[in-house]
Structures are given as C-alpha cells and as structure tokens.
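Single chain ahead, by itself, as structure tokens, in the form predicted alone.
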C-alpha cells in the first residue's frame, strides 16, 4: 500500500464544507475591496525566490523544494505567493493597467519543514497584493481586509500586532546596533540564534525560546532608528486603524522572515492554536519590484494560512451541505423515468443522485439514507402509469404526490427558499 508523503494531508469529502466556508469568504471579501484574482504557476525559476525572499533566509537555505529541469534549469515549488504575483505583475505589465493593481490569490505553497501541528509541507494560502501606491491608506485598507476576513468567520482569540521595519538604510542601522547588543550575550542564545545572528540578525527578535527572550529583553527597538518620514507613515497607519475601530497591539519585536519587507509589518495570532499561533501576516515591500527587474513601485500585502483558519472555524459559520435529492427509480418504466428526472434535476442545478445497483424501493431508501439525502423522488411502474411521483421527506418521512413533469421546477423553488 502506498501512503501519502509525510507532512501533507488529504482533504476528505467530510471536510470540504470547511474549505468552502473559508475560500468563499476570501473570494467575497477580496472582491468587495476591489481585488481581482490571479493564478500563478506552482513552480518558478529558483532565482525568483532567492532574489526576493533572500539567499540567507531559512526558507531559501533549508525549506524550498528545488529540483533541476531536464535542460538544467533550477526550478522551485513556490514557498510563498508574493514573489510569483510580483513576477507576473512585472512580466505582464500590469502596472499599466489600473484595474489590475490589486490582486488576490488562493492556492497551495510548499516548504520542507518539520511537520507539526499547524505546519505542513504542502499548505494553502489566501493572499492579497496591492501594488503601485506608497500611501499609508493602502496599508490600512489591506489590514482592514485581513481583519474583516477573520471577523466574518467569527474566529475568537485573535490579536493584531503591528510594527514598522523602516526603509533599508534605517533597518541596516538597527541591524548594526542589534548585532552589537547580541555579540556580548551570544553565549546565552540558542544554537539557532547563534547561527543566524550574523546572517539574518532580525530573526533573533522573533525567537520563541525562553532563554533567548530573557537574554534580549533589553534589546534596542527599531522605532528609535526610524526617520521622520517612516515615523509619520506608521503613525498615519495607526490613526487609520483607530478610525476603523480595528484593535491592535504595538510589538517592537515583530519582524518578518523575508528580506523584501519594509515599513509597515503586521501579524494576526490566534491563542487557541498553541505554539504555531500565527494565522495571517504581511506588510509593505516597497523595493521588491525593482529587485525583480521591474520599475520601482511600492507594494503591500498579506498571506493567511487556510489550514490554520479551518482548524479554528466555529461551527456556526460553516456552510451547510448542499441538499441532496435522491431519485428512486425501479421497475422497467420507473428506471427509465427516474433517469429522465435525475437528468432534469441536475440540469436545474439541483444536486441529485441515485444507486443504479438498487432494484427495489426498500434498497433505494436504504441507499438514500446512506448518502444523506434530504428528499427522495419515488418512481415505480405504478407512479409512471399514473404520471405522479412520490416526494418523500427523509427526515419527517412525510410523503406527497407531484406530477412527474413538475418535479424539477417544484424542487428548484422549494430548495432555493
């Protein structure tokens, strides 16, 4: 027997309603904010992610699924969505199309991580990218969409944390000061922080190991290195969140694991998720388009892990299953009439099914129960002769007669109401 690969999972039919709930909320809200869907390839030239994410990040160094193509080109399964969207944005000259500067995506991403609760090697993200405007109003809009998505799903225990990473020169000054603070206390840091202290200095602030948190309790804050321009930008973002009544917490230790982020950065956590509690995050990336060969143009976006969202969905928001109508056609004429009714129901957008192995009313009703049918249309030879089908409510067991020709329109009206 061949088993699924470690770190991935099958989405089974009983779980699909959870995915529909989250995905439909994503489509509905993104489009209500003026975002248009984009779909990019699941694998790209490896250099796209090395240049955008950063060659010294954990993702590029340890987590990407990279393989050679037959012509020797190095390809990588996308570990995140922003780089692919920006590449498509540049390549297709969408900056010249005002209606395509706000984009969203839903799809699988791939990282070779240690599988654990809330972390998979294939996972799905809902993300948005707004490209072309440096205005802090766009930051507010994107954060608002992020927060409204979770609010619409009635997820409890959420916290929005925000920070500013400044521009590259300010961040470099802070990195130098941070490294000067870390070197004398390096013996008190975990092995991972000792390793990345010189290569990816900011990630030390993100470490969850208690000894590292204690050792860096008095670390300098990036806010003291921000220019008046960056400070003003961030202040306008905070004022906008206050205006929209979106609750937030300032977290001066909040950084991102990808090199392309600048200025506004944010993260939503959910306390019920345990150690892996980040459920959505994002920020501004004003230099990314230029890094990937495009015209200098600012951008901001976020990504949400759908597996984590689905794991905390309250039952009250889960979309109910679509009602199933079962057609029990038996007897020579009943089978033929049942096939015609089955086709007519489906043509009217009604989910309908039958069991072609069943040949008696008793076995048909047993199959209808097994399939979870809401209603059953009973069509035997006698019903066909009288031109009347029996409509049976599988829950109450109540039955009524309907003209066979009227079954599709009658059920369409009743089910839609």
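Values in this document were obtained by computation on a predicted structure and should not be read as measured data. Residue numbers count along the first chain shown, from 1.
Keep in mind that the form predicted together with the RNA is missing from the display, and what follows is about it.
Heavy atoms within 4.5 Å of the RNA in the model of the complex map, among the stretches 36 to 44, 66 to 74, 344 to 352, 358 to 366, onto 358 to 366 alone. Distance criterion of 4.5 Å from any heavy atom to the RNA in the model of the complex singles out 275 from the list 183, 244, 249, 275.
The partner is absent here, but in the model of the complex a heavy atom of 192, alone among 231, 192, 297, 144, sits within 4.5 Å of the RNA. A residue is said to contact a partner when one of its heavy atoms sits within 4.5 Å of a partner heavy atom; residue 123 meets this definition for the RNA in the model of the complex.
Within 4.5 Å of some heavy atom of the RNA in the model of the complex lies at least one heavy atom of residue 6. By the criterion of a heavy atom within 4.5 Å, residue 399 is counted among the residues contacting the RNA in the model of the complex. Of the heavy atoms in residue 61, none are within 4.5 Å of the RNA in the model of the complex. Residues 305, 308, 330 are the members of 305 to 335 with a non-hydrogen atom no more than 4.5 angstroms from the RNA in the model of the complex.
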